[in-house]
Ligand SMILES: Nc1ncnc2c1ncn2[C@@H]1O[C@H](COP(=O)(O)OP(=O)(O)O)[C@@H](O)[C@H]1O
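So this first bit is one chain, no partners, the form predicted on its own, shown in structure tokens.
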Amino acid sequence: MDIRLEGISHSYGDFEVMRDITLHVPAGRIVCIVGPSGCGKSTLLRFIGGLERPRQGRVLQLGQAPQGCLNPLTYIFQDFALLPWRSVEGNVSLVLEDHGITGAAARAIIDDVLARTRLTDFARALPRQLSGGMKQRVAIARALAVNPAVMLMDEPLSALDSQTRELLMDDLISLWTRANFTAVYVTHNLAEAVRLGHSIVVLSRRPGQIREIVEIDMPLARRAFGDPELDLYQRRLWEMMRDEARAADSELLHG
């Protein structure tokens, strides 16, 4: 299923957040959204997910969801959003219970997504017993359990240390290589964007507008930490954003 944004503009009273954003997210691709602080990245993701409606424009879902899709759109947040009293498998099963899937059918799905996220040995563990990276793996497993058409990922690795972020990026690339999921991935981290994004949408400072869409024509499986080609993309993105990022920080500091 593709996602298309047409002429998205939004303001809160006189406070203009974004202006005239038109964007196509093709099925089977990861589209990263970057930009200065306050440019509306997370707000745009909420529009796509239907959590909020823009003042102008529309969000379209085009084509068919995959077979067995329970939720066309599903979120992965930076704070994991796990229930502390439920085990790993209990947190995953929660989304299936919402759809009336229990027993052997639920067990098969849970076993599959835990295997895919390398959590099988931790199925009975509680969130307090897990590292930050493993908690985020549980959140990813929970999202995969509903077989979504599009995953909406809001700074999913920002709460993790650099080493854990690298490992989780490897995990996401491995998952995508096995099954080409569609994702819109919001991040302030340009290294994440160039490792994971087929396309990188660069927003201007507030009101957020699309400055450029950078396509990276390198297979995800070939992308590795420290790759010189990825470093060039990252420098290009930073040079594009640097002055606006400084201006945006100054605006936020002075209200």
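All residue numbers are counted from 1 along the displayed sequence. Since the structure is predicted, the reported quantities are computational estimates derived from the model, not experimental observations.
Just so it is clear, the following notes concern the form predicted together with this ligand, a form of the same protein that is not shown.
I need to confirm a contact call. Of Gly38, Pro26, Pro66, Gly49, which residue comes within 4.5 Å of this ligand in the model of the complex, counting heavy atoms only? For this set of options, the contacting one is Gly38.
So which of Gln209, Gln61, Gln56, Ser42 reaches within 4.5 angstroms of this ligand in the model of the complex, heavy atom to heavy atom? In short, Ser42.
Do Met240 and this ligand come within 4.5 Å of each other in the model of the complex, heavy atoms counted? No - in the model of the complex, heavy atoms of Met240 and this ligand never come within 4.5 Å of each other.
I'd like to know if Val17 sits close to this ligand in the model of the complex, meaning any non-hydrogen atom pair within 4.5 angstroms. Yes, Val17 lies within 4.5 Å of this ligand in the model of the complex.
With this ligand left out here, work out from 220-228, 191-199, 66-74, 30-38 which stretch has heavy atoms within 4.5 Å of it in the model of the complex. Answer to the contact question: 30-38.
Residue by residue through 92-110, tell me which have a non-hydrogen atom within 4.5 angstroms of this ligand in the model of the complex. Read in sequence order, no residue approaches this ligand (within 4.5 Å, in the model of the complex).
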